[in-house]
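Presented as structure tokens, the chain that follows is alone, the form predicted alone.
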Amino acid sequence: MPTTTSSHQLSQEQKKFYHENGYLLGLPPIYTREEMAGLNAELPNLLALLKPGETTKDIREWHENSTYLYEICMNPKILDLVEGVLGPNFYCWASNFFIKDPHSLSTVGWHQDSYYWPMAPNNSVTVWLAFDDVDAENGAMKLIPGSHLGGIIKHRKSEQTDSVLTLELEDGSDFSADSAVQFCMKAGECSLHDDRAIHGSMANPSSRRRAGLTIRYSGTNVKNDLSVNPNFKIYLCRGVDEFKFNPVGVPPTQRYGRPAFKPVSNEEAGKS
């Protein structure tokens, strides 16, 4: 993998690699081990807001009501990385925890993020921030390089009861899992991937937790379909919103909070 500059700004080599392969790894840490320990120490305060019957995957868009998450989404080091992909004008619109506890059977089938999202055009990047050390042993993500260049592939209803997604790529889709890259990161590090890149993850049979926060960013030219996701809000990160396609959210003021409404899930927004 190409190396990064100390300022978290992507080099031309890194930008080329991302656009050809649909992902970036080997990035400089966003948070030190001590800083991540502090963020992990606060995480139970957020988990305490979950209602009976909810799981950690229901922590979606809580950055709209929690400065704890909003400050992570707006971390200048992360924004420097994202700007290298999306350019000077972009916004944040989603965040979601993916936590696999030790010995979890939960999997994520092969899929493309953009298949779920009622948004166009495709100009979005996901930041996956590791809250724990993640690797093959505890079910870290795998991604198929270059798969973002093949367009959007038809998905089907998943028959795997352990999959956290109800839609995944149809059998016979023209991609090879053998070429998948295994993501490995230390706590405080992050990866970037394109919204069309095919990715997924296995179960966590280890004795270690595997927790990560996904943060979604899009160029200001990307418009959401409010008839599908009426509670969609954007938070401008850099530059100007010259298009003004989407409703603008108000930054939170409390440390821990959750939306009064339940955000539209991937399953609800996705095509069946």
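Residues carry their position along the shown sequence, with the first being 1. Keep in mind that what you see is a predicted model, and the values were worked out from it rather than measured.
This next part talks about the form predicted together with a small molecule, which is not shown.
Residue heavy atoms within 4.5 Å of the small molecule in the predicted bound form occur in exactly one stretch of 225-233, 61-69, 210-218, 33-41, and that stretch is 210-218. Only one of the listed residues (Tyr91, Tyr115, Phe131, Phe98) places a non-hydrogen atom within 4.5 angstroms of the small molecule in the predicted bound form, and that residue is Phe98. Taking a 4.5 Å heavy atom cutoff to the small molecule in the predicted bound form, the contact residue among Cys184, Ala187, Val108, Ala180 is Val108. The shortest heavy atom separation between Leu192 and the small molecule in the predicted bound form exceeds 4.5 Å. Although the partner is absent here, Ser147 lies well away from the small molecule in the predicted bound form, with no heavy atom inside 4.5 Å. Met119 falls outside the set of residues with a heavy atom inside 4.5 Å of the small molecule in the predicted bound form. Although the partner is absent from this view, Ile78 stays clear of the small molecule in the predicted bound form, with no non-hydrogen atom inside 4.5 angstroms.
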